[in-house]
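To begin, one chain is listed below as structure tokens, in the form predicted on its own.
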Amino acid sequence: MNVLLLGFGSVGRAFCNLLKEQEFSLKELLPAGVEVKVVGIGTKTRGCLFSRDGLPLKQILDFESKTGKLTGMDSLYAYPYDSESLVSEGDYDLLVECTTSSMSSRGGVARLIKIALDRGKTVVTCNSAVVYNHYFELKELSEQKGASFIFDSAVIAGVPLFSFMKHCLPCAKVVSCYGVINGTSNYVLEMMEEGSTLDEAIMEAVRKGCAEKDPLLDIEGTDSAVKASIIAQVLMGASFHALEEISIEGIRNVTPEMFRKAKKEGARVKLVAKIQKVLGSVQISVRPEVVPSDNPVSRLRGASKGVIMTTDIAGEVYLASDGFGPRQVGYGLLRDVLEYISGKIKT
């Protein structure tokens, strides 16, 4: 299975490192003669590489760690054009897209994904902004072209939420979802619970690697709203919700008194995303709540994430992960790639 990797930041490097680390496990897992081979890497400003025989990942990772770029690698692998030409003309089976998720620059990446799908190439992505804004059109295009559009890592990287519902709870319909889907806010709230100010907690989260250098979207609840909308669209048949249509309250106004009240009750303060069907429509909200101790969401520590899915025939299902950071997202991408390969082999 020839993979074109779009993006070579921390997540792209983690994906490649995992391919090398798990080389033996992958041989054991996949049928004889089937392998995951990265044949191309495309970046916006740091160069592009391509080789039909597969790229030497260890050599590339070492070179990039020293130089911060791909240009200057062995000319045997250099690709003289840009990422778009690599996506539109390259010889590959599957596009793994892991560029930086950005609400302000969503059009360019979506266009490249459309190019790949239009060529009948399967796409695996962790880009929540792209899925949020373009889910329906990308899903329709993938179905028209006989390709797959896979994005489990775009919501909770450590939890294959959509594939779990598809494969483990067939026929069950989701009627509501409740939980924490942003690890940064959960980590910051825990630090504040222990006495840190908001600014101190944010700086510590950045230092620990469980927050972006600019975690504004996390703190204000926007990231949670985007991911909640994806869940609503995919699992509950909701139409697209613009951010203005979602009730969003971040954690800036959480007070020490709120933490003291929660502690007296044996509860915890969490930034909770709620998705529920009400009178035929789907409503989404994000706000800080005091979550009782008997609710498993209250026990999410650090940058953990977890959701309670209420279904019509299987009752409540709780899914959670305590992983965070690029390696977790990289593993999510690898898991999605393996799921696609396994399904393709079976068919």
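Predicted model only: the values in this text are computed from it and were never measured. In this text, residue numbers run from 1 along the sequence as written.
There is another form of the same protein, the form predicted together with L-homoserine; it is not shown, and what comes next is about it.
Participant: Out of the stretches listed (218-226, 132-140, 266-274, 247-255), which one is close to L-homoserine in the predicted bound form, meaning heavy atoms within 4.5 Å?
Facilitator: Checking each option against the 4.5 Å cut-off leaves 218-226.
Participant: Of the options V234, I202, C210, A147, which one has a non-hydrogen atom that comes within 4.5 Å of L-homoserine in the predicted bound form?
Facilitator: If I apply the 4.5 Å criterion carefully, the residue I get is C210.
Participant: Flag T125 as yes or no: does it have a non-hydrogen atom within 4.5 angstroms of any non-hydrogen atom of L-homoserine in the predicted bound form?
Facilitator: So T125 does not count as contacting L-homoserine.
Participant: Can G179 be called a contact residue for L-homoserine in the predicted bound form at 4.5 Å between heavy atoms?
Facilitator: No, G179 stays farther than 4.5 Å from L-homoserine in the predicted bound form.
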